[in-house]
Structure formats: structure tokens, C-alpha cells
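Shown below, as C-alpha cells, is a lone chain in the form predicted on its own; questions about how it binds or moves come after it.
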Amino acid sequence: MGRPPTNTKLRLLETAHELIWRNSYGAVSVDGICEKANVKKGSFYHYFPSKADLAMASIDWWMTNTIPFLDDIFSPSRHPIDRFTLLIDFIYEKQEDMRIEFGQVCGCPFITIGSELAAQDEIIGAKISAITQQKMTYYQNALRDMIAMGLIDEKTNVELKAEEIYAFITGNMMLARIKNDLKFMKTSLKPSLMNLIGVNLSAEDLKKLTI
């Protein structure tokens, strides 16, 4: 197991993640990161050869901190519908916290970085793709349980459906960032997701799926 990051390294990771997530990779400079993190530029280059290396490390750091939450949300002991509704709760609450703290909806950090750099940097593109696949594995397992319970069509292609779910959620997070508005995520994302999955719920039950 790797050593935990030093305070200086951790400040750089947290600061880079925040600034890139709030703004964009291109809009953030090494000088800006160092200034906000209160770290000298020499210390920056001691830990990271470049801004791109820091961006990749911040992706790893964020995912490492997110995995325990996903493991809990998608625990096999939970009802598969609850796994997806809890995921939306988790996403919405994080977005609302960010909106309150920074005054804006920030969307998905991986999409923010990936949409800007994936086509330019194969390594970053591969890392974002690996994270995407890791998330979709949770979705696939929940979908298989839904099939076993008779909640969705047994002919459902779980791999394709997981991709649709990922695209749907991240697309709505991107729209929320563009509009700077979490209303759809709060009122409609859960029932819309259930419709996309194909869960056989009554109209009354769908109405209850509001945060």
C-alpha cells in the first residue's frame, strides 16, 4: 500500500481538483494552484513534473476517496432500486454542497477534465475511460440483480444499459453545470432514470422518487 500524501502534496491535490473542477484545466495555472495552496513552486515540481501530472494524480485521489461511498451505495445487501436512488442522492448532495460553497454548480470532475484533455492526452483519456468502466461495473451488477428479481426485462443488455445510465447521469450533470441549476436533478432525475432502466413502477411510486 502506498504512503499517504504529505500535507503539501495533499494541499496541491485538493487545490488542483477544486480549481479544475470549478473552472477548467486550461484556465488553471501552476502559479494559481501554488498561490491558493500556499505552496512554493519548487515544492510543486518536487511532487509533480507538470500540471498534467498533478491533474492525473488528482483524478486518482478523488476516485480513491469516492470508492468507499460507491461500495456502500452499491452494496449487494441493498435493494437494486435503492442503489440507484441512493446514487442520485449522493450526487445531488455533493453538487448542492459545491453550489453553496462556490456559488456555482460544478458538474462531474472527471467529465470536466476528460472533455478537455482526453483527445489530447492518451494517458489521461485511458484513465478517464478506466474510471468510467469502474463506475459502470456497479451499474451492471445492480442491473443483473434487477433481472434476477424480475424488475426489468430478462433480455436487457446490461453492458449497454450501464453505458446509457452513465451517459444519462453525466449528461445531466453537465447540463446542470451549464444552466447553473440543480432543479431537474432534484425533482426529476430519479424517475427519469427508472424509466431509462425500464423498472416497472407505478406512476405513484415514480412520483415519490424526489430528493
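This is a predicted model, so every value here is computed, not measured. Residue numbers run from 1 along the displayed sequence.
Here the subject shifts to the form predicted in complex with a further copy of the same chain, a form of this protein not shown in this document.
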Stretch in contact in the model of the complex with a further copy of the same chain, which is absent here, among 141 to 149, 58 to 66, 155 to 163, 36 to 44 (heavy atoms within 4.5 Å):
155 to 163
All of Q120, N172 and I178 with a heavy atom within 4.5 Å of a further copy of the same chain in the model of the complex:
yes
Have a look at I81, M98, I111, I73 for me and say which one sits with a heavy atom within 4.5 Å of a further copy of the same chain in the model of the complex.
I111
So, S188 and a further copy of the same chain: in the model of the complex, are they within 4.5 Å at any heavy atom pair?
yes
Taking the shortest heavy atom distance, is S192 within 4.5 Å of a further copy of the same chain in the model of the complex?
yes
Closest heavy atom of I88 to a further copy of the same chain in the model of the complex, within 4.5 Å or not?
no
Might L196 be said to contact a further copy of the same chain in the model of the complex, defining contact as any heavy atom within 4.5 Å?
yes
Does anything in 42 to 67 come within 4.5 Å of a further copy of the same chain in the model of the complex by heavy atoms, and if so which residues, in order?
none
